[in-house]
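Listed next as structure tokens is one chain, alone, in the form predicted on its own.
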């Protein structure tokens, strides 16, 4: 499904060694920080104050930071909060957080399940954190697929536009598993200079992979 009226106006990549905005270097991991430390470095570098960030699991931090960077200098308040949609995907769901939760219930003699961990064992919680931060109340979906599938994300966002359920779409891929993580987030609306099609989204995604 292609909706030629939709355009991509901005996109952001985060990998273990750098952050790109519209394909250009934004933050570099010049000191070889591990994944958790680099996410904290990104948080400090973009100069935001949001204490809840430190309570999130790692995949939520990754998606949260990617959207923060994506929406920097973009005023979403010109749209109704119900008209902003989020469609994300990954291949590993919340497996790292699942392992952390499992570790709290393995030992019956040292049984300490934590609600603060358990709540993050659903990938759509990441969308919830992003929505709360940005006042987004529109449709949202999270797809778990073997590898990034641009058609699923593009078609779903286009469908929301065609049915009048969205005017802005935040789409992409956020995956975090052990020492490997990556995020690719883009903004689709009637403004921009890149067609919102699966072929174009794949080109953007492959800039960093």
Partner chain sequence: MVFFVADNIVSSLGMSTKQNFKSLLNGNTGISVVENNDIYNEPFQASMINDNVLEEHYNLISKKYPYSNIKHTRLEKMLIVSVDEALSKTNIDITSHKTGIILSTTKGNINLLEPDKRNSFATNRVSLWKLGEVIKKFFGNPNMTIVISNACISGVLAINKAAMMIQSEKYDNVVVTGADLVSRFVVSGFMSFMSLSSDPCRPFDKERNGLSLGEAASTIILSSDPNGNSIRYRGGGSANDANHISGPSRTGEGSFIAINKALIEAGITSSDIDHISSHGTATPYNDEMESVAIDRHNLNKVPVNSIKGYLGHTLGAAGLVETSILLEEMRMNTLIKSAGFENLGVSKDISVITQTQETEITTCLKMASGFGGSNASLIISKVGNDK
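Numbering follows the first chain given and starts at 1. Treat the numbers as computed from the prediction; the structure is a model and nothing was measured.
What follows is about the form predicted in complex with its partner chain, which we do not show.
J.: Quick one: does residue 66 come within 4.5 Å of its partner chain in the model of the complex, counting heavy atoms only?
T.: Looking in the model of the complex, residue contacts with its partner chain do not include residue 66, since no heavy atom lies within 4.5 Å.
J.: Would you classify residue 42 as touching its partner chain in the model of the complex, given a 4.5 Å non-hydrogen atom cut-off?
T.: Residue 42: no, not in contact with its partner chain in the model of the complex.
J.: Whether residue 144 contacts its partner chain in the model of the complex should be assessed with a 4.5 Å heavy atom distance threshold; does it?
T.: Heavy-atom contact with its partner chain at 4.5 Å: present for residue 144.
J.: Would residue 72 count as a contact of its partner chain in the model of the complex, using a 4.5 angstroms cut-off between non-hydrogen atoms?
T.: Close contact is absent here: in the model of the complex, residue 72 is far from its partner chain, nothing within 4.5 Å, heavy atoms only.
J.: Any chance all of 119, 123 and 136 sit within 4.5 Å of its partner chain in the model of the complex, going by non-hydrogen atoms?
T.: The answer is yes: all three residues contact the partner (heavy atom, 4.5 Å cut-off).
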